[in-house]
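Starting off, we have a lone chain in the form predicted on its own, written out as structure tokens.
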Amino acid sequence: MKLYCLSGHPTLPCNVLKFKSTTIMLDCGLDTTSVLNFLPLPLVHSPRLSKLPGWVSKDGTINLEKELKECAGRVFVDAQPEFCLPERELLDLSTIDVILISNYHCMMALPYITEHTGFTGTVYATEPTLQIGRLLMEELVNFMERVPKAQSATSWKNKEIQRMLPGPLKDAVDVWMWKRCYSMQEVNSALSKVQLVGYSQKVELFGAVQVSPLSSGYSLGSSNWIIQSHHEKVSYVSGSSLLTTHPQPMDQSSLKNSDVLILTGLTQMPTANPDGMLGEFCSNLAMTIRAGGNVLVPCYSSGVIYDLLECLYQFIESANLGTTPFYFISPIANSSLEFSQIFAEWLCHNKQTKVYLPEPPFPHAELIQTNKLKHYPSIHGDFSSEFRQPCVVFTGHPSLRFGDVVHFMELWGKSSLNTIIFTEPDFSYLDALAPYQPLAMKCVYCPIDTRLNFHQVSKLLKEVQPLHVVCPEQYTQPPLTQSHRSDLMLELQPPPMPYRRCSVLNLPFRRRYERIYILPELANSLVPSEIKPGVSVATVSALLHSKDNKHTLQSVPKPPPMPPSKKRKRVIEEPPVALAPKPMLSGAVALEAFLATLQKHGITEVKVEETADGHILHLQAEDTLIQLEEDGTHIVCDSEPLRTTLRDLVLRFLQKL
């Protein structure tokens, strides 16, 4: 059993598991942190960005003024932003049979995998994962296609040139693997390969293994996966949460008795408490509005935004913010808010019960009815005529490199009354703000990450007790910035097996058993012999038939009768005599009892030596060796009569089948 690791990002995993005769891809996350090296894509022409000076090396030997621009001491690529794809050279991706998706954040690289590698398999995901994943892909394509950039920058990727660039461009890895965004046509083609599954539904793969999704408690429809055969079980835990938020709670008990547990997608903010961050978010928002400023919240269009809106719903009245408009701007704003209300069966129990009252499970429905929350596909059109300040704007993309957020950064960045509040943990907020410096607006960092922290995961692993744990190497050491914090890493016995991008792990358990079916007529012919109370054994001669990983024992077909020969034979040939099979021996030779038997037969000088597999008996007077092992007995002797006697003594201790 092998695990191929194609992504270096622990919360955006992409691994391939070879198990029995199947090749299974576990998630295909898209590492979008690479876009932080690019200049933002403004929706309206930005004089500030267009006047940025080009970069020339200090000695003047490298001139990349057209490709690279300098801003506040940092260098950025002036081209369409590109994403870091999962590794595609480590194994032939056309051999992948199925792709299992755990949540909508971990499927963003799907079109790159299904459309450009010769993939012919099936993708399995839950319905909310597919529908919200589709929306997020649509939004990403929309952001890119709204602001097309003709020029593409490739000269800076030359290894010799990249070495000379200032950081962080100099340290960017696998830059030749970076690719522009896919098209809507590729998204539709990729998602047409998805087959929907429900929690605990068992899916057979070629008769070899069964896969089954379990609720992971992190987002709408998010799953952990169980991959099992008759005798082995692998659990894949990715992006799970034990907090009581809007999704169905995590199913922990089904993870028990795993041979291997592959663990990814822990919290990126192990020291930040989500409840504390929500409180800080609300108080900073209220403070800014009261001072007459605007609040900008760069966020994804699904997920934490539902919890933020719910939190604000309870907070608005007590903080006297009843008249402040809240705007949610995204090409998929309307669909995202509506989808969250219709996936009732994927929600936690108290939200499910509201549906039967009937009430909308999320309070943002009421905010929309009372006109406190308004949603728009973009800043153009209705929004520009209805927009009034001070206000709160939720919009994407959290990287601040594309989407409507770029316009608000240019619009509000020069005033210290305004505040930007970061809630998504995927991007370093300082790197996100770098191309907008110098910036006057206040910046607040309230990362809300509900995924498992190290304390919760240690407790979970103690309860489910897998034999082996496999995880990204980042989880086996404390963070670089807090090297003294040994509580921010996984400490397990036995220690977890770490992996990094491009590593191939041989998983540490061997398949020892295979299930075989036996036909009724063959079973009927067996003659069992009891070898100990409750245990019977029978010998069988049969034909093994294997098809679609199902193995069946069938009766041996009788040979066809010989056709009558025209030539007269002088001698009538006798049919061959079928030899009776030799009896099989079972049991163990007890050492003390065997020595006593030898003594009765006049063999007294016996030297006993213990070995790793059993014992060696040296009969000194007879110059003979007897090796007693668990699965066999060897007699080394020159005298044939003595050998026969010893053999008969050994046989007394064994049972014939």
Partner chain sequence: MDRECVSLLPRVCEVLAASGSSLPDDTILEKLLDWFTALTEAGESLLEACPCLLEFISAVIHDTASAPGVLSFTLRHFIEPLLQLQTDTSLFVASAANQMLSHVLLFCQPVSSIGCNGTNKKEDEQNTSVSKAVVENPAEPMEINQDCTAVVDAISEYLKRALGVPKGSAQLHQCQQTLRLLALLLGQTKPPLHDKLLQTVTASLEEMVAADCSELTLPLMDVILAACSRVPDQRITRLLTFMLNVRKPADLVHAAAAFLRGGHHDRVHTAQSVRLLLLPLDIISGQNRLGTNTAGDMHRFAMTEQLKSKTSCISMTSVCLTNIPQIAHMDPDCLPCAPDLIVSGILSLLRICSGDSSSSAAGCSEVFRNVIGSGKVQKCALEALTAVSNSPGANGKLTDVLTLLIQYLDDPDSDPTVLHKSYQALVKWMSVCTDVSFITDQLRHDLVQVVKKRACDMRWEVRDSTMEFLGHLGAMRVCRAPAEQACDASEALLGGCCCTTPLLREALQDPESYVRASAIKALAQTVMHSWQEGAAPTQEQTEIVTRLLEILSQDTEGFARRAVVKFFIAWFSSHTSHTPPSSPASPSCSLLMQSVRSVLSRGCADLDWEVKVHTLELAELLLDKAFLGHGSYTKGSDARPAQPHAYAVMPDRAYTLHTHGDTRAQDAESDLVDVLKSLVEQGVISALLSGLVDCDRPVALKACRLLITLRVTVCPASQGDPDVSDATATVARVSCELPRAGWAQEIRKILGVRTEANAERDLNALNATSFEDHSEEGASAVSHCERVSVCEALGSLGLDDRLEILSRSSDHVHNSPLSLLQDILTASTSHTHSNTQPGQEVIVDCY
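Remember, it's a predicted structure, so these values are computed and weren't measured experimentally. Residue numbers count along the first chain shown, from 1.
Below: the form predicted in complex with its partner chain, not depicted.
S.K.: Does each of 63, 185 and 189 have at least one heavy atom within 4.5 Å of its partner chain in the predicted complex?
M.R.: Result no, not one residue of the spot touches its partner chain.
S.K.: Spot the stretch among 487-495, 200-208, 335-343, 373-381 with residues whose non-hydrogen atoms come within 4.5 Å of its partner chain in the predicted complex.
M.R.: Looking at the other structure, the answer is 487-495.
S.K.: From the list 465, 350, 541, 320, which entry has a heavy atom within 4.5 Å of its partner chain in the predicted complex?
M.R.: Going through each option in turn, the one that passes is 320.
S.K.: Which of these residues, 280, 115, 473, 359, gets a heavy atom within 4.5 Å of its partner chain in the predicted complex?
M.R.: That would be 280.
S.K.: Please run the contact check for residue 417 against its partner chain in the predicted complex: heavy atoms, 4.5 angstroms, yes or no?
M.R.: No, residue 417 is distant from the partner.
S.K.: Taking its partner chain as it sits in the predicted complex, is residue 534 in contact with it (heavy atom to heavy atom, 4.5 Å or less)?
M.R.: Looking in the predicted complex, residue contacts with its partner chain do not include residue 534, since no heavy atom lies within 4.5 Å.
S.K.: In the predicted complex, is there a heavy atom of its partner chain that lies within 4.5 Å of any heavy atom of residue 287, even though the partner is absent here?
M.R.: Contact with its partner chain, yes.
S.K.: Whether residue 509 contacts its partner chain in the predicted complex should be assessed with a 4.5 Å heavy atom distance threshold; does it?
M.R.: Residue 509: no, not in contact with its partner chain in the predicted complex.
S.K.: Residue by residue through 24-40, tell me which have a non-hydrogen atom within 4.5 angstroms of its partner chain in the predicted complex.
M.R.: None of them.
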